[in-house]
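Okay, so here's just one chain, in structure tokens, the form predicted alone.
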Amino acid sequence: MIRLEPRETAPVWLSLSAPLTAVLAALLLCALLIMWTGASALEAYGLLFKGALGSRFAITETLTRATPMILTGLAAAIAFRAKLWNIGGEGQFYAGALAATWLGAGAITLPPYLMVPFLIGAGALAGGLLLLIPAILKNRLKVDEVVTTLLLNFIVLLFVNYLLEGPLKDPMSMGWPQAAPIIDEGVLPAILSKSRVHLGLVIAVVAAVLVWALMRFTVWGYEIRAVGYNAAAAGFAGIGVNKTIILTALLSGGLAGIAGVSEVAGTKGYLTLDLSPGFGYAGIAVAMLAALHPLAVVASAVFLSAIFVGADSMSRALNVPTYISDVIVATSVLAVLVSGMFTRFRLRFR
């Protein structure tokens, strides 16, 4: 007979090695799928690694794609810590991008050192206010936030589509549904020459450090963790549960909104409906793979970004479907979740 016994404390070596072992196990499992297609798993992973990290161009593309994923990963991580199941990162991403486009395409002109922070603040406010709606519905009417945040994604995307086909459509776009470009004063400057890596990467990494410090050293961070562990007990201890949920929603949605600003003002320069290939949903995978740890979110986002970027190179060379990258990501997340169970429990044989 096998039973699970809770650990009093998890050894440091186990906490560090469990997720790494889980990712390696996921790669081994996915190797079987690659071999099923008739390709060599070692060659495929070699090409994936080379396509993601094998050159300066590959590294910069991986970092560029990781930038919004760090921010949406942080958005999911901090919300999930408070048991606020924010599945609406995609909508909040577009809300931030829309706010940056509306204000940054010529409506307001400021010097760059003011314009960039202004657009970031506007995007954060837009994303935060969007998540505030499900948070209030959760607090007041006990409406399931999984449903409301998910449905808001579609509402925001349809609204953006309407604006790009109508009021915000750039008359110089030759008929393509896209908005006017962000003015030069609002563009996030590049931080590496001859690459698309921009200031958004620095903002994302700083945000990860700040969120970690918030969760680790502040009363607000303690309240977020307490509400996540047991909301009823936290309320009994005098913590304002509803207030904590509201503030967490503003922070989580704000981080996802900044991700939208990063893409529209840093990478692409103008708003389109395909601005995000799913950064909001990928942020959930990033957060889960990082076990909701803000600093681990950075490494998790870079890892997943490397898989997505490298999968294109692997597919072109070996004719392996690019969808294998989605399988690797999903398997890695599931493996890490299982490994997390073994860090909290030990197996006992009787």
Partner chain sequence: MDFIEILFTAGFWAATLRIATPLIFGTLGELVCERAGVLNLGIEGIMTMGAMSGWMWVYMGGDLVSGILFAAFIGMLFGLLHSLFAVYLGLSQHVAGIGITMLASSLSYFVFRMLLPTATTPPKIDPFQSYPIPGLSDLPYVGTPLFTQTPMTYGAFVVVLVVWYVLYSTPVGLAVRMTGENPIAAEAQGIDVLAVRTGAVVVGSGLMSVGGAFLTMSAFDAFYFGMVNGRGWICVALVIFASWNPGKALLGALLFAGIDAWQVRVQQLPGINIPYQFFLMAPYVLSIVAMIVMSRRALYPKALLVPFRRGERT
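Since the model is a prediction, treat every value here as computed from it, not as a measurement. Positions refer to the first chain, counted from 1.
Form predicted in complex with its partner chain: not shown, discussed below.
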{"query": "Its partner chain in the predicted bound form: contacting segment from 186-194, 95-103, 256-264, 81-89, heavy atom within 4.5 Å", "finding": "81-89"}
{"query": "Contacting member of Ala58, Ala26, Ala291, Val320, with respect to its partner chain in the predicted bound form [4.5 Å, heavy atom]", "finding": "Val320"}
{"query": "One residue of Leu47, Ala296, Ile324, Ala306 in contact with its partner chain, assessed in the predicted bound form (non-hydrogen atom, 4.5 angstroms)", "finding": "Ile324"}
{"query": "Partner contact for Val12 in the predicted bound form: its partner chain, 4.5 angstroms, heavy atom", "finding": "no"}
{"query": "Partner contact for Leu16 in the predicted bound form: its partner chain, 4.5 angstroms, heavy atom", "finding": "no"}
{"query": "Contact test in the predicted bound form: Leu20 vs its partner chain, heavy atoms, 4.5 Å", "finding": "no"}
{"query": "Heavy atom of Tyr222 within 4.5 Å of its partner chain in the predicted bound form", "finding": "no"}
{"query": "Members of 152-170 lying within 4.5 angstroms of its partner chain, judged by heavy atom, in the predicted bound form", "finding": "Leu152, Phe154, Ile155, Leu158, Phe159, Asn161, Tyr162, Glu165"}
